[in-house]
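The chain below stands alone, shown as structure tokens; this is the form predicted on its own.
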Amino acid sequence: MSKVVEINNLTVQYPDVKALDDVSLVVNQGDFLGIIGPNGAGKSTLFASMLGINTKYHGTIKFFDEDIRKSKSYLKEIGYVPQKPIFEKNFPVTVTDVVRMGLRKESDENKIDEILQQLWIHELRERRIGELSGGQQQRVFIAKALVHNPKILILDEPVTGIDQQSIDLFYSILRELNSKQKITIIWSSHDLDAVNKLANHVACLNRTLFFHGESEEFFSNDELVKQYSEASMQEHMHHH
């Protein structure tokens, strides 16, 4: 198994809070890793550090055996779907325009059609992005993330505020990308049930790494799930 991501002793200290504390984990090629944790657990901070957006961290992050402080070339192998993509509702861009933004110089324009069909949004290609439902928009942003053939797809709670039917379709698309196209997926979610069904590995994050291993090991251990749920509840109460 070749390692695609290796994180060692990652710590992120903000002035008033330690967002991540000594987090270490490895993701192998072809893994489907579900990252679970309460709000404020550090999931978005982890992604921001991995994507080179947050550079104020201690520890090392490597993609494809290369320290990301030394080279940014790894970014072209990554597709990223943020939690809630921000765009102006009346901005006159079509679905095709948005997906085209994900192309690299050497990418193939024909790939746009292929990816729109794969994500069931081909018939929406000339529609403005602002006219689409939340679920449709999210598939457009996945298409944009996939159009340059990344090796790794990173998704930050991608189904927030989307209806159940769209969520089910979305999850079946992810499963297919992972099993058929062998794309490594790193995905943060609050939905334990979905993580249990889809991911082969799970990382429980609550500033520190509470568990990292095979999903089966985590979900078949009632004590672990209970500990995780209690920690999440406490964090939830703490935030309200």
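Keep in mind that what you see is a predicted model, and the values were worked out from it rather than measured. Residue indices: 1-based, along the sequence shown.
Here the subject shifts to the form predicted together with adenosine-5'-diphosphate, a form of this protein not shown in this document.
Engineer: Using a 4.5 Å heavy atom cut-off, indicate which stretch of 59-67, 174-182, 192-200, 33-41 touches adenosine-5'-diphosphate in the predicted complex.
Structural biologist: Only one stretch qualifies here: 33-41.
Engineer: Any of the heavy atoms of Ser215 lying within 4.5 Å of adenosine-5'-diphosphate in the predicted complex?
Structural biologist: Taking the distances in the predicted complex, the answer for Ser215 is no, it never comes within 4.5 Å of adenosine-5'-diphosphate.
Engineer: Is Ala19 one of the residues lying within 4.5 Å of adenosine-5'-diphosphate in the predicted complex, judged by heavy atom distances?
Structural biologist: Yes - in the predicted complex, heavy atoms of Ala19 and adenosine-5'-diphosphate come within 4.5 Å of each other.
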